[in-house]
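Just one chain is shown here, as structure tokens, and it is the form predicted on its own.
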Amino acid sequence: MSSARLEDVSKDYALGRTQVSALRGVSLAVEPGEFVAVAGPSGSGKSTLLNLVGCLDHPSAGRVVVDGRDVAALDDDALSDLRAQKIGFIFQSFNLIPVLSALENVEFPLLFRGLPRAQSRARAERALDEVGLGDVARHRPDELSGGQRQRVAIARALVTAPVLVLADEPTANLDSKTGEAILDLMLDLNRKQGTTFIFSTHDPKVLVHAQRVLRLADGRLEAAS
């Protein structure tokens, strides 16, 4: 069973009287444990593809299957459960809550699980340790560097033990050295935990980290390598 599968998927958006095709007939499968890059210039459809796989949007045509479940067959509650239980998200803007500490940001997704506080705190502490940030657990985001904030975001994505992690341009707001370190960290976690990663990028320098590259242009899947 693949972690994610798209079957002839298209996505159209209406901009005033104009219809824009963000994806056009895309078919692909990402297997469990893969570390896959979605490459292409800005506007090629990378973020749209990740939003569809992440159940944040619906296709205009075609079929999206995540962890063996046809997304179209799920109601809003089931989609929310799928996102919360199976998918982790890493955003280029980090999306950390500024008034919470690093530890509290990582712990936040576990609050919806109904776990005892001691158990959720212990899991969050372990996740921060895994990304090398146990010593700044009490720091708020504005006290951390960009690379540290992205590591907190990775810990938050992994703390729920998802089967699939989606990272949209995770190095875009980082300098090249820090960006490479973040990609190395993601790859190391993929190898140790077997979590499937799909990350998008338009930077060819980070593609060397991927096991497989899916290339998009004008909403179409051009080639895989």
Ligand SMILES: Nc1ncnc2c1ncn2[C@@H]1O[C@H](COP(=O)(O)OP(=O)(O)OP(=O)(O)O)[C@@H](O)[C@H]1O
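In this text, all values refer to a predicted model and were calculated from it rather than measured experimentally. Just count from 1 along the sequence shown to find any residue number.
The discussion below concerns the form predicted together with the named molecule, not included here.
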**Prompt:** Can you pick the stretch from 28-36, 62-70, 187-195, 47-55 whose heavy atoms fall within 4.5 Å of the named molecule in the model of the complex?
**Reply:** 47-55
**Asked** Would residue 206 sit within 4.5 Å of the named molecule in the model of the complex, counting heavy atoms only?
**Response** no
**Non-hydrogen atom contact residue 22 with the named molecule in the model of the complex at 4.5 angstroms** = yes
**Message:** Going through 23-44, which residues have a heavy atom within 4.5 Å of the named molecule in the model of the complex? Please give them in sequence order.
**Reply:** 41, 42, 43, 44
